[in-house]
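Heads up, the chain below is alone and in the form predicted alone; it's given as structure tokens.
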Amino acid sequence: MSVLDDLRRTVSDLHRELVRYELVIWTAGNVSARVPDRDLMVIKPSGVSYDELGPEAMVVTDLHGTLVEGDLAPSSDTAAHAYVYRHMPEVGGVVHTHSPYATAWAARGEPIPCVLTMIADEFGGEIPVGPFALIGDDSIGRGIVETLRTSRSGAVLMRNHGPFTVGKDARAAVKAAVMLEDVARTVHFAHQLGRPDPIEQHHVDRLHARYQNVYGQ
């Protein structure tokens, strides 16, 4: 199996995770993966049902969003993903969802404060808000990059739109999207009871370092 075939299968499988964790509805949302050592990415096609997103449906574009392989038009968010890959070489995967709680924070234009150890662990601090940007060109991508360059977070809440997450690979970006929705929901519940206190920065730093460098096998 070629690298591209393997990535097509991986990206296809990861789209099922978005459905499993109830992060998307209908045909919204997308996962992409950078092709190692090539200026290419694999992404879902536009407007295709998740039931039909097998490996053969995944498309390959260059890092300017031009179709290279595949019979279907790429996702409408392709330009945003491509911009992230061009300007953040450490990123190997990008995910966009409209998961309800994270999107509600984006609609409010309010960062998710670092009031849970899980937020410190995964995101290294508050989850920031990016600027409002229209879909169709690389404006969203520019907003993602500008916001994440000044944050340790692998997630950004694009104002009036929804969350984008990044990771070292596509699986890490999907994990971030799953964890983002979980903490967005929990912090929303906490705000119904009062205003939770942020974790002190030195504790955030220690938690993040441990989770990123020690936790797991």
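Keep in mind that what you see is a predicted model, and the values were worked out from it rather than measured. All residue numbers are counted from 1 along the displayed sequence.
One more form of this protein exists, namely the form predicted together with another copy of the chain; it is left out here, but the text below deals with it.
- Within this chain, R9 is remote from the site of another copy of the chain in the model of the complex, having no heavy atom within 4.5 Å.
- Using a 4.5 Å cutoff between non-hydrogen atoms, Q192 counts as a contact of another copy of the chain in the model of the complex.
- In the model of the complex, another copy of the chain sits beyond 4.5 Å of every heavy atom of A155.
- Though the partner is left out of this view, T147 does not reach within 4.5 Å of another copy of the chain in the model of the complex, counting heavy atoms only.
- Of the candidate stretches 147-155, 44-52, 61-69, 31-39, only 44-52 has residues with heavy atoms within 4.5 Å of another copy of the chain in the model of the complex.
- Using a 4.5 Å cut-off on any heavy atom, the residues of 128-143 that reach another copy of the chain in the model of the complex are, in sequence order, F132, L134, I135, G136.
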